[in-house]
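There is one chain below, alone, in structure tokens, taken in the form predicted on its own.
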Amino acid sequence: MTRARSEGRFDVDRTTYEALVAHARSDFPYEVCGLLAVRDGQVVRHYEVPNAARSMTFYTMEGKALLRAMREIDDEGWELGAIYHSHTHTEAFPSATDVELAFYPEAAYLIVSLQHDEPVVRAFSIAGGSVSERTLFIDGEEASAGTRWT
């Protein structure tokens, strides 16, 4: 299972990491999105939510699938640990739209970039229009954050 948040970091296991990358690649060149539910610091459910926008530059979680996921998270007493999506042609860094639409400050925001040959997954906290990067750990080891392309 996956450990969720401690201040400044986000932990996932290799299986969850690979599932996020596989999901990002599954609909390339379009962005994908989803949720990670946690209980007691462990990821208990990975939700692949269809991107209703089916866009290469933004995502909109399909309403019914999102509502089902959020209801299950609530009904089970879990927490929303992370919201994730892919960037197929840009770096793993929140866009202005990502920041504007970040309504869950308690959740981590994971971005999977397929911009280069090797995928890059980075984690962020987004609250009140402010972005701070969290260190991503995979099976307890710090993940490469890739290169920041500006």
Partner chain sequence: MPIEVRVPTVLRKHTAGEKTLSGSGSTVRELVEDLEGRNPGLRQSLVGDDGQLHRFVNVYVNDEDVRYLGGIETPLSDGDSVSILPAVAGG
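Numbering follows the first chain given and starts at 1. The structure presented is a predicted model; accordingly, all values stated were derived computationally and were not measured.
There is another form of the same protein, the form predicted together with the partner chain; it is not shown, and what comes next is about it.
The partner chain is not drawn, but in the predicted complex it has no heavy atom within 4.5 Å of Q42. Using a 4.5 angstroms limit between non-hydrogen atoms, E106 touches the partner chain in the predicted complex.
The partner chain is not drawn, but in the predicted complex it has a heavy atom within 4.5 Å of K64. Among residues of the shown chain, A37 is not one whose heavy atoms approach the partner chain to within 4.5 Å in the predicted complex. Annotated contacts: T57, D98 and L101 all touch the partner chain in the predicted complex [non-hydrogen atom within 4.5 angstroms]. Counting a residue when any of its non-hydrogen atoms is within 4.5 Å of the partner chain in the predicted complex, the hits in 62 to 83 run G63, K64, L66, L67, M70, R71, D74, D75, I83.
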